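First comes one chain, alone, set out as C-alpha cells in the form predicted alone.
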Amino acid sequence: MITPLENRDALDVAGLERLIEHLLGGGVHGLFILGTTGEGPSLGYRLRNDLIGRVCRQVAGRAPVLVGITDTAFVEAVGMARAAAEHGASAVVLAPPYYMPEGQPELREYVDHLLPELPLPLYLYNMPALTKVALDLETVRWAMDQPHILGMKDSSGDLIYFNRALRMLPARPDWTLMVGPEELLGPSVLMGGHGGVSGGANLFPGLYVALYEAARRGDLARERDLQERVLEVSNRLYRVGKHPSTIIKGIKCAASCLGLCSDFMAEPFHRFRGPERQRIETAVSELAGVVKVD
C-alpha cells in the first residue's frame, strides 16, 4: 500500500481512509504497509506509528494488516514490531538491513536475535535491488526451520530463484511464498506460488485479484488475458520518469488522478510535475477499459 502524505511529516488522512476502503472494496486479501511502495524507510517513526494505528483501526479485522519493520537499527525494528502488535496488526515484514551489506551468516544471526523480541509472526522480504543483500536459498532453508517465520515476499524478479524456493516448500507446507513484481503475478501463481504483493493494486485492486484467482484455478486463457492487462498498466504508468523512484511516483500520481489521495512523495523524492503528470493523466484515462474486469 502507498502511504498518502500531506507533507513530509503528516498523513493525508482523508486520502488514507479512501484508499483503504478502495482496496478492501476491490477484494484484496490483506494490506502490507510501510514496504517499498509505502516509502517505509523514508518516513519518520512518529508518522509510521500514526499510520499503523489508523490503518489497523479502520481495517478492523476485515483483512490481515502486515507491517514493514525494516530498519538499519535493530532496536528501531523491534520498536516498530511492538507498535504493530499494540495496534492489532497480524504480522511484520523484514528485509535485510540496508546501507552496510551483511553476509549471510550475519543476516541469519541478526534474524535469530530478532525473533525472540518480536511479538508477531514474521515474513521475510527479499529485495536485493534496494537492500544490496539477497536472501540466499540456504538462508531461506534456515528460515523455514524457524516456526515464527511464516513465509517470504520475493521481489528479486528471478523466476529461477522463485522456482527453487518453491521446491523447498514440502519441508514446510504452511509456509507462504509470494512474488513482488506484479508483472510476474500470474506466472508465479501458476508455478505454485501463493500470491503477490502488487503496487498496481492500489489503483485497480479488482484486476489483480481477478488475475490471482484465474491463476489459482488454472484458467490459462483468463490468466493470459488478465496478465496482459497488468503488463499494460506497468508499461503505461511505471516508465514515465527517469529514476528508480518512477514506479512509486507513477502509482501515487495515478492515485491522485483517480481522486484517491495526495501524490506527495517523501523526500528526497518529489511528485510528477507538468508533462509527466499529463502523461499519467492520459494513461489513467486510456486504461479505464483495460482494467475493468467483467
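Small disclaimer: the values here were computed from a predicted structure and weren't measured. From 1 onward, residues are counted along the sequence shown.
There is another form of the same protein, the form predicted together with another copy of the chain; it is not shown, and what comes next is about it.
Of the candidate stretches 162-170, 86-94, 195-203, 140-148, only 162-170 contains residues with a heavy atom within 4.5 Å of another copy of the chain in the predicted bound form. Using a 4.5 angstroms limit between non-hydrogen atoms, residue 268 touches another copy of the chain in the predicted bound form. By the criterion of a heavy atom within 4.5 Å, residue 9 is counted among the residues contacting another copy of the chain in the predicted bound form. Residue 184 belongs to the set of residues with a heavy atom inside 4.5 Å of another copy of the chain in the predicted bound form. Although the partner is absent from this view, residue 109 contacts another copy of the chain in the predicted bound form, with a non-hydrogen atom inside 4.5 angstroms. Not one of 13, 136 and 176 is positioned with any heavy atom within 4.5 Å of another copy of the chain in the predicted bound form. The partner is not shown here, but in the predicted bound form the stretch 229-260 reaches within 4.5 angstroms of another copy of the chain through a heavy atom at 231, 234, 235, 239, 243, 244, 245, 248, 249.
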